[in-house]
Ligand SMILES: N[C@@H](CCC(=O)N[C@@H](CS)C(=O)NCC(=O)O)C(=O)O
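Just one chain follows, in the form predicted alone, and it is written as structure tokens.
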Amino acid sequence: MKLLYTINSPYARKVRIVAIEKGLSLDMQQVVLADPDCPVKQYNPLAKVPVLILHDGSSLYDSRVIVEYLDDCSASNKLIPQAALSKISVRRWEALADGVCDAAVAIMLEQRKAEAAQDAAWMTKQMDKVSRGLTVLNDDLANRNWCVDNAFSLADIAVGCMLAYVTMRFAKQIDLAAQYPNLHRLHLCLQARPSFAGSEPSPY
């Protein structure tokens, strides 16, 4: 299987970490979406990463679909619980973490426009989503070690990828330790895992 990804996509990083945690070997192909020859649009009509190309040439896209597929590839080290309530709880954490990423990515793309073309009010609206999402995640985590059932899961991976992305993009606006201490504690714990340490985003 081959994974098409970009180095700074938090969604693609989530997939990469799941593969590492599951002990799965993927052919990792880093791409540049702006490249005219970028292969992503051949496999995903939305031209977004990540894309997982299967052995038969078919493809899966959207990180949430890919991580569920990878988790089902091996019965060991399950990252999505089988119990219905726990599974839904994990997917809820993932959905909120991904939603915060959506808002953060939207701000980053708006900031790449010429300053005169940027919509400050719209960016404020997106940053409000980031702040509200972080507050809820921080409060929900409370003093627990992990997000769901006191066990490492996809929820922690999704939150960890989001935290790395928002702190990289908004270092001046977000002080994780001061504003969201529960998430900061989780962030430090996750950074020590080989799967996270080996997939750090690269700011540019």
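Numbers for residues come from their place in the sequence shown, where the first is 1. Just so it is clear, the structure is predicted and the values come from calculations on it, not from any experiment.
The same protein also has a form predicted together with this ligand, omitted here; what follows describes it.
- The stretch from 7-15, 190-198, 177-185, 21-29 that comes within 4.5 Å of this ligand in the predicted complex, counting heavy atoms only, is 7-15.
- Put simply, residue 62 is close to this ligand in the predicted complex: some heavy atom of it is within 4.5 Å.
- Interface membership of residue 49, defined by any non-hydrogen atom within 4.5 Å of this ligand in the predicted complex, is confirmed.
- Although the partner is absent here, residue 98 sits close enough that one of its heavy atoms falls within 4.5 Å of this ligand in the predicted complex.
- In the predicted complex, this ligand sits beyond 4.5 Å of every heavy atom of residue 151.
- None of 33, 168, 54, 136 but one reaches within 4.5 angstroms of this ligand in the predicted complex through a heavy atom, and that residue is 33.
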